[in-house]
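Just one chain follows, in the form predicted on its own, and it is written as structure tokens.
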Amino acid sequence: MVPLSRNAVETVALSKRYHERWAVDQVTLVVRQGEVFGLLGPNGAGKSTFVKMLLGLVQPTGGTARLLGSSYRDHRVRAQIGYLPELFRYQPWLTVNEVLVFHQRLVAPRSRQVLAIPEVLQKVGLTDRGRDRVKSLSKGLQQRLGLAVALVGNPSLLFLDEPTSAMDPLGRRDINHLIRQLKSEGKTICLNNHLLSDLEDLCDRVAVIQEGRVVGIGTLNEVLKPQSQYYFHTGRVSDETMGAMGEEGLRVDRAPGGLRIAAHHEQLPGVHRLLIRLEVDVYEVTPVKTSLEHWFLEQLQQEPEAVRQ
């Protein structure tokens, strides 16, 4: 067993170049033990290539990586990792139990403690489907089987790529509950999911990757803080007044019954004074929580060099 580090993943300038294009460009980050860490980015941003380098499936062009305190090349480390790729296929003639037995033998040496197959099936919601053949499973159930394969070796570190793909709302709820359960057991989960609301609900920290580079990283509060917005319940505001606020450097949008203004908390007194000077009646001020999706879309509209590191 590899001794666990306080950090589950550590990379320094990890890079991958294909011909003239950098798929991953000097990515340096840390994933702490026991956290759910989200990877965000558009298709082709380099997220999957980054993960595949950590898993030893792609050879890096440069940089270094450590998993669970040891080199990512250490076979003992690989025995402690579970992986759900975005696209996977299992032999359609095998039963669910046969798929799990096969992968259990692949990923878990006899000396390691592995999860019993009935326990794995119970975790992913396939308790009664062990004898069913893969070809009889719906896409959602096959996705659950993929999760079972990732869990069967009782890993300490999990990489899950689109774990709720093809699932209905009930399935999404079940898998999100499972991710929380795995975290409570002390496991570390690196999560890639295009459903940003799920990432916002599950992740302790997130990293945004754009054009192969990390362009934003931190807790959700740290990431969203620069985008703080407040709803001002006001009286009538003329177009001339809107223009005057814009000239003062404020980002102001009309909203039902008032205004939506982007500002830091410490700027609020100044905003109040400006509205009073412009003879705008203010009845109430309410902070507006910025969603991760809103922040993410704003980042992608900027050049990578201009985004906060």
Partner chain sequence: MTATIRATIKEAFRRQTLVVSVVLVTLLMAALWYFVAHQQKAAIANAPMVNTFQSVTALGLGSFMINLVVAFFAIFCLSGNLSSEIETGTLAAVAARPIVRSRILLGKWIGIALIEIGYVSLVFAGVIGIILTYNPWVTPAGQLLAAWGLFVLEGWLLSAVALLLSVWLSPVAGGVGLSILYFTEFVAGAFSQSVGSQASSVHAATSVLALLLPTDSLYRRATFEIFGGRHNPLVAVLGNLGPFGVNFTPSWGTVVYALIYLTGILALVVKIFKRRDI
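These numbers come from a predicted model, not from an experiment. Numbering follows the first chain given and starts at 1.
Beyond the structure shown, there is the form predicted together with the partner chain, which is absent from this document and is the topic of what follows.
With the partner chain omitted here, the record of contacts in the model of the complex names 82-90 of 82-90, 162-170, 211-219, 188-196, defined by a heavy atom within 4.5 Å. Each of Leu57, Arg76 and Phe102 is positioned with at least one heavy atom within 4.5 Å of the partner chain in the model of the complex.
In summary, among the residues Ile179, Ala150, Cys203, Leu126, the only one with a non-hydrogen atom within 4.5 Å of the partner chain in the model of the complex is Ala150. When contacts are judged by a 4.5 Å heavy atom cut-off, Asp174 does not count as touching the partner chain in the model of the complex. When contacts are judged by a 4.5 Å heavy atom cut-off, Ala116 does not count as touching the partner chain in the model of the complex.
Taking the partner from elsewhere, Arg133 is found to have a heavy atom lying within 4.5 Å of the partner chain in the model of the complex. Within 4.5 Å of any heavy atom of the partner chain in the model of the complex lies no heavy atom of Arg66.
Residues Lys16, Tyr18 are the ones in 10-38 with at least one heavy atom within 4.5 Å of the partner chain in the model of the complex, listed in sequence order.
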